[in-house]
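Here we start with a single chain on its own, the form predicted alone, put down as structure tokens.
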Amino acid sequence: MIDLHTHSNFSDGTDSPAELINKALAAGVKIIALTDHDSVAGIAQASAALRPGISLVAGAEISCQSDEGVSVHMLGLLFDTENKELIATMDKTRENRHGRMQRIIERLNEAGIAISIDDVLAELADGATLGRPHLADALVKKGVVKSRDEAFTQMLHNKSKFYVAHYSPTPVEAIRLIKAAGGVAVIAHPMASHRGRTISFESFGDLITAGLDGVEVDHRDHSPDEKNALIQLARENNLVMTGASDYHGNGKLNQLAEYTTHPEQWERLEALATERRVITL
């Protein structure tokens, strides 16, 4: 099995990279991509935890925003993790997350919800990328909500009055950076409409022109109709079709390998990178 979208506690997951590798191996995953938000900081630990039977794809889920203000997530896979321009862009995005978090907290406080930035940072592992799931965990600990899912459903979703956007590259720019670093670009859960506004199908033209390699078709947050529309889009534009769990560990329903990528699709995708960068023992 091949799972190309997972997270560790170096962003908003709850498992360490080593725990993630061990759980993936136990689940029968043969190839796993670690795609923490705007970070490759967990790749070294994941690599060190590898054992026979499982290989690692270094990656990142890059936060993007379209010209229309729509949040887009772009999976960068198989790129040079020391590429200075791509790493600098991800660093800038992460740094901006702290100011954004403070503004979200201010809005929550104005609504009478007692939470502080210190409460949120207490949920953050060393070196991790700050995100709304850490705020959700702090709200759970405070007794405001019962779970991460409840926090997002009630107050942290993209349409919420508490939502605050943050700096991020455009999807076209993210694709350019990934390709310049020798990797492949796959748009993550592009039609997950319950998360908030999604990009239009017309927008895919610019992404494909920029070099988009694939689309995440099989994902928990896609309805059957959305999945079918993405399959048609991929076939018409010769895009690789991937499937992935978007696993985050505890607090989210997603399970490792609940959706996977077909080996033939993976072979197509890997061939589009400038080098073979799969990490094995």
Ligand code: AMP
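Just so we're clear, the structure is a prediction, and the values are computed from it rather than from any experiment. Throughout, we count residues from 1 along the sequence that is shown.
Here the subject shifts to the form predicted in complex with the ligand, a form of this protein not shown in this document.
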Checklist entry - Where, among 205 to 213, 78 to 86, 92 to 100, 116 to 124, do residues come within 4.5 Å of the ligand in the model of the complex by heavy atom distance? => result 92 to 100
Next on the checklist: Contact with the ligand in the model of the complex for Lys30, defined as at least one heavy atom pair within 4.5 Å: yes or no?
Outcome noted: no
Checklist entry - Given that the partner is absent here, does Phe162 sit within 4.5 Å of the ligand in the model of the complex, heavy atoms only? => result no
Checklist entry - Would Lys179 count as a contact of the ligand in the model of the complex, using a 4.5 angstroms cut-off between non-hydrogen atoms? => result no
Next on the checklist: Is Tyr167 part of the interface with the ligand in the model of the complex - any heavy atom within 4.5 Å?
Outcome noted: no
Checklist entry - in the model of the complex, does each residue in the set Gly131, Phe152 and Gly251 place a non-hydrogen atom within 4.5 angstroms of the ligand? => result yes
Item to check | the ligand in the model of the complex - contacting residues of 202 to 220, heavy atom within 4.5 Å | outcome: none
